[in-house]
Each structure stands twice: as structure tokens, then as C-alpha cells.
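As a starting point, one isolated chain is supplied in C-alpha cells, in the form predicted alone.
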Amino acid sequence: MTLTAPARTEAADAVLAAVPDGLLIGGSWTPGGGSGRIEVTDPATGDVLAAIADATPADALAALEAADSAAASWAATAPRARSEILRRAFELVTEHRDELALLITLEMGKPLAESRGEVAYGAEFLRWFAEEAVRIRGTAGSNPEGTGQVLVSHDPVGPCYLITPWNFPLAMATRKIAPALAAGCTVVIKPSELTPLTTLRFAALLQEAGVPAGVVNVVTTTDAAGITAALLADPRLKKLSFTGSTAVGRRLIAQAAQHVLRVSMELGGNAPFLVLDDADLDAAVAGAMLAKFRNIGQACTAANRFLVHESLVEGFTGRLTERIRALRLGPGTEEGVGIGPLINDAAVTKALALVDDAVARGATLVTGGRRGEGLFLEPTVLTGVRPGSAILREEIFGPVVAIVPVHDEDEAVRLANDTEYGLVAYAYTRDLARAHRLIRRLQTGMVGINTGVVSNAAAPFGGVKESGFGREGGAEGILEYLTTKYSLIPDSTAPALPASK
């Protein structure tokens, strides 16, 4: 497979020129104290897109100082004022949607059509939490004894440290920053060094929207462990929100325990995709294409294990393979491309190793399974994947379909739950009672019934088991950035209760 790398366009050069190359600390862009620079490359071509500041732990602490200094005034800012700033940010992101989509594709590799979808999805968190900012409510009522009023109120938790992954560089930033700002919290955000440019451009748009100095601070670094350790050891930090692997999440939870930080974790996934005997096969294939190949399979919500009723395996495999073979590989900047490059060489190597292991254990390679030039991997279908195969245990994070035949619903549910992860499950059935039964039985934080996409800004995103805890989005999302305070106001006219013995 030979691909021709496209020449850099004027549009791409203009988009890259608008990206700040420094750290955002206290409202100012600064080169920071690091002597090196981070070179951000295009995974489709290997070309260097930009060289940006490489923060040190001292830079991270300066960002936390700025966030802490701005915390009181931002918390005291009227909810309506915070709401209007977030609404303006939504409008700016929407206004710059084509620019942001191209930037996402340049640094991450996904096709432009999907990048446009990410911009629309990411912008919705700004709009949603602009609306939630003015709906932070408490409760008031008499205590059961009738001797006083119980008041419950909510306050911002304080300065937050947000760590985002490389695969959705805009949406993961908006999904964390928007609820934090709506709640009245200030933030230090560290994007992945693989795809930091979108976050830097977004931060500049937040400034344009009117976010005050110090409320949002951005540190880009190749020393993630160093700056994270420095921030988590500082008592001024009150909250950690992390999206990434379960292995890293475990270490961060342990570090966060030092100061008993509020912690939200959105970790790994191993999503099952159930196709039961009464499924609409065409709908299931269409859903599988979305659940597996969105973002080139590089999503924690990507379907990992396809558990297909034995009566439908042949038809499902054939139809899905036909759709997959029609996908065009190439740089995401070219219109019509369906599969872009993976993020780096390690991702390609891992995916191929999982395919080889499955085939060695008896699976049949139906299509794909080959590496192209650079970081491209042919979309792959494996059927008859056997128990014990690594691909059934590990998150693939690539365009590989692993199909396992099942005898009935009980076996499908048993295999679906046979994992330490529990982020999302997908299930196809035409039986409403069965659908509700599956929702109860599947051990995941989210379930898609007859759909291959579940993410929505108005819904709580998150998992159970080793896929993490806490929720992003929905009415629940803002609660992650709020503390709950209970106050008692005694009623002076109420009769005194006898002292308990």
C-alpha cells in the first residue's frame, strides 16, 4: 500500500500560525523556564507542524499559583456572568469550526469529517455548561425534629488540574474546562504532548471570550510525571480530573491520596458489541462501523469485542467486511478518506501484535492485518477469535474487529462482563423487554441499544469497575467540581428536645 503525502496547504499554514507556542500562565503567554521545545508532528506525513514550549515543574507551580490567585474572584463571579462567557466561547468555537477541525486532523490524523464532528461535539459542552452555571441549586427545609432549618448549598471545589489525552484534543478539553468554569473553579490543564496545538488554540479563544487572567492556565510538557507530581504535592490544588489509561490512573489516584484530592477518572475500556439473534443485521453493521472505526478505532468507547449470535456470524462478517473494504486510507486532510493514520509507531505495533496473537490461537483473518507506509494500518476483521486471545483482554485502540460467535443471550452477557473494564456496551436487539434486561445485566456505566454512538454533552459520560469513576457531561458533570455544605439554623421558638442518653 503506497500513499502519497499531500503538500502543506495555505489553509494549514494559516491555521498553524494562529496557534500560540508558549504556556498560558496568569493570562499571559510565556516561553516558560524549559530550555527545550516540543516538536508536534503530523502522523500522516511525519512533518513537524510546530515547536512549542516544554514546561518544567516550576512552570506548572507558577500556573497553579495563578489559578489559586484567581480562584476567589472567579468563584465570586455571578453565575450569569460565568454563563455568558461560556456561551461566548461556544459561539467562538462554532465560528472557528473549520479552522479547529483542520488543526485536529493535522496533529491527530483523523479524517476531516470526523474532526468537524468533534468540534460540534466539543462545542456542545460549552453551551450545555453555560446553561448549567445558572442552575447550581441547594435545598432548604425543616429538620425532622422541627427545631430548625436544614440548608444545603454548593461551592466551587477550588483550583483543578485537568489532564487530557491525545485522541479528542478539543472535546476532552471542553468536557473538563466547561463544567469547572461553570462551577466557579479555576484550572491548570495539561494536554497530551502528542496533540497540544488544539488546546492552545482553544485557550486563546477562551481569552477572547472573556475568561479572566488566571482562570484557565495551560502547560504543555514532555515531563508529564514531573509536573504532575509537583502539582499533586501542592496543598493549593483541590481537584484532579484525568482521562487516560487505567495503569496511569492507578498511579495518579495513589498520588492524589496524599492531600485527599477530589478525583475524577475516565480510564480504559474494552467495549463489547452484542448482536443477538433477533437483531436487525443491517442496523447492527451500520452501528458497528461507527462504534469501531470512529476516530480510527482510537477511542475508549470503541467496540473491542463483537459478540455475535452464531446464526448471524456469517452474514454480519460478510456485510461488515464489504463495508470495511470500501474505506479509503489516506491523510485525513483529503476529503473522502475514511481511515487515517494511527497516532504513533507504538500504536501500530501493538495492534498488529494483537492480530498476530489472535491468528496464532486459531482466529481467521478475513481482511486487512497489514501495515502500510508510515503509521497506516489496514482496517482488519478477525472472526472465530478464541478464548485466551490477548485481543479480548486488551484495549485495541486501532481499526481491528474481533468477532466471537455466541450461542445465546446468557453467553453474550457473560462474555461481555468478563473484563475488568466497564465503560460502555453496545447491544442490538428488536425485543424491548430484552433491551431493558440487557441494560440491567451489562456491567458498564453506559449502554447503547441499537446505536453505535452514545456520547452526548447532556448525558453523564463515565464507567464502572476499572474504567474509572466520576461523570463528565449531563447534570452530573458539574457536581464533580462542587463541594456540598450543610448548615443548620435553629428555630428559637421550637421546644427544646430532651438530651439523649
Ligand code: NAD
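We number the residues from 1 along the sequence you see. Treat the numbers as computed from the prediction; the structure is a model and nothing was measured.
The same protein also exists as the form predicted in complex with this ligand; that form is not shown, yet it is the one meant from here on.
Of the candidate stretches 147-155, 395-403, 94-102, 282-290, only 395-403 contains residues with a heavy atom within 4.5 Å of this ligand in the model of the complex. Site annotation in the model of the complex: the residue of G268, G117, G338, G368 reaching within 4.5 Å of this ligand with a heavy atom is G268.
When you look in the model of the complex, the only residue of N304, T333, T380, N167 with a non-hydrogen atom within 4.5 Å of this ligand is N167. Taking the partner from elsewhere, E193 is found to have a heavy atom lying within 4.5 Å of this ligand in the model of the complex. For R251, a non-hydrogen atom is located within 4.5 Å of this ligand in the model of the complex, even though that partner is not displayed. Proximity of W74 to this ligand in the model of the complex: non-hydrogen atoms within 4.5 Å are absent; the residue sits far from the partner. Using a 4.5 Å cutoff between non-hydrogen atoms, M172 counts as a contact of this ligand in the model of the complex.
Shown here without this ligand, the chain has A224, A225, T228, F242, T243, G244, S245 in 213-246 lying with a heavy atom within 4.5 Å of that partner in the model of the complex.
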